[in-house]
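Only one chain comes next, encoded as structure tokens, the form predicted on its own.
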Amino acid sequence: MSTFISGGCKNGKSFYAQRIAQQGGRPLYYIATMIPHDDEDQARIRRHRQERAGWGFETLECGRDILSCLDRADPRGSFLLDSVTALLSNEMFAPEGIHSDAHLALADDLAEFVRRAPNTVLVSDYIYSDATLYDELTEAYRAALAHIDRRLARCCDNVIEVVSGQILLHKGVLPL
């Protein structure tokens, strides 16, 4: 069963997603999408690894070209993709330049991922309710993430929002 989880930063999405993914069967995969750029990113990665320790996840590093990680995994397993937000950033702001339409292909790839690996939990950050208008590039990124999140909400069985540690069901059933 596929589950899309969104919510604010540091609200418990990743921990909740780990619990859901663990119920999806074996093998159990954690798709790490963050490409670290600074000490803060490295610290976040260390914290997430510590949180996953002992849970039985095999980590697949896949910061770009998300479908390629299925070549290294059993699609009948259970997957936790954390996060869609970082994955979009990697694709949109690639070393070779800015790809303002990267979200279109990424949305298709993520929908295909869910189709091919139906026991997938995807985590994204809800970054749309801020009333502040940002620069053009930031607004383009927010719109691109919203496009992907809407697509995932349509193709996933369950859609959940985590707000201040509270679990809100928008579609499907609560897996836990």
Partner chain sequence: MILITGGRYQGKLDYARSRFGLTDADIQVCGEDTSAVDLSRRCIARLDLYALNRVRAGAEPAEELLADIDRLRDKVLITTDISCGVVPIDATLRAWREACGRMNNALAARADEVWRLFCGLPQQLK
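Since the model is a prediction, treat every value here as computed from it, not as a measurement. Positions refer to the first chain, counted from 1.
Here the subject shifts to the form predicted together with the partner chain, a form of this protein not shown in this document.
Of the residues given (Ala43, Leu133, Ala53, Leu137), Leu133 alone sits with a heavy atom within 4.5 Å of the partner chain in the model of the complex. From the list 115-123, 144-152, 43-51, 24-32, the contact stretch for the partner chain in the model of the complex under a 4.5 Å heavy atom rule is 144-152. Contact check at 4.5 Å (heavy atoms) against the partner chain in the model of the complex: none of Leu67, Phe93 and His99 pass. Contact annotation: Ser6 falls within 4.5 Å of the partner chain in the model of the complex, judged by heavy atom distances. Within 4.5 Å of any heavy atom of the partner chain in the model of the complex lies no heavy atom of Ala17.
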